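Presented as structure tokens, the chain that follows is alone, the form predicted alone.
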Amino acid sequence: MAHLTVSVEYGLHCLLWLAGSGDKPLSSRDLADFQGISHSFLAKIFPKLEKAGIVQASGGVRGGYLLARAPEDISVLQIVDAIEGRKPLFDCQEIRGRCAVFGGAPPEWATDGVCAIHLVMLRAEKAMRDTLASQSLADIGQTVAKKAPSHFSSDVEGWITARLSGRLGKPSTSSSGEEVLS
């Protein structure tokens, strides 16, 4: 978890839309078009999510992906680890043993136990992992739902329905009169 990349952001956004799509599988291409992000980039994320048991592939003519579990059973940490792998936040280089005063032979006290700086970073990583583990995909979805106007859900449903019925990416007007991609 050295650095959370844009892959995590893309993955989380896509999983939110899958959570809201019910039993309608969405392809990575559909999800990329819906959000205006790279098809090829997103296509690299979904196999990782599938391998982690977060999504499942649905075959057939209109195949795509569905959530493999309920959104409340998918933690943000599980998503991060699936996409990024479990990398340490900090990679200690044991600089403490290289002090010029030691002349290449550091005393035991200087290198005994965990480096004090590394210890702080380990605590920070634990706090971050605990926070990510305590938040679910459903929690994020609830926050988005509170923020979005009431018509947004039906606008999204309309886009998905139109997309799945074969109308590709043509502008239309939402229930609120705003132009949306359908």
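Note that residue numbering follows the sequence shown and begins at 1. Quantities reported herein were computed from a predicted structural model and do not represent experimental measurements.
Below, we refer to the form predicted in complex with another copy of the chain, which is not included among the displayed structures.
Engineer: With the partner left out of view, is residue 13 within 4.5 angstroms of another copy of the chain in the predicted bound form by any non-hydrogen atom?
Structural biologist: Result yes; residue 13 sits at the interface with another copy of the chain in the predicted bound form.
Engineer: Classify residue 103 as contacting or not contacting another copy of the chain in the predicted bound form by the rule of any non-hydrogen atom within 4.5 angstroms, answering yes or no.
Structural biologist: Yes, residue 103 lies within 4.5 Å of another copy of the chain in the predicted bound form.
Engineer: May I ask you to check whether residue 51 falls inside a 4.5 Å heavy atom distance of another copy of the chain in the predicted bound form?
Structural biologist: Contact with another copy of the chain, no.
Engineer: Heavy atom to heavy atom, is residue 82 within 4.5 Å of another copy of the chain in the predicted bound form?
Structural biologist: So residue 82 does not count as contacting another copy of the chain.
Engineer: Quick one: which residues from 118-153 get a non-hydrogen atom within 4.5 Å of another copy of the chain in the predicted bound form?
Structural biologist: Contacting residues: 120, 121, 123, 124, 127, 128, 131, 132, 135, 140, 143, 144, 147, 148, 149, 152.
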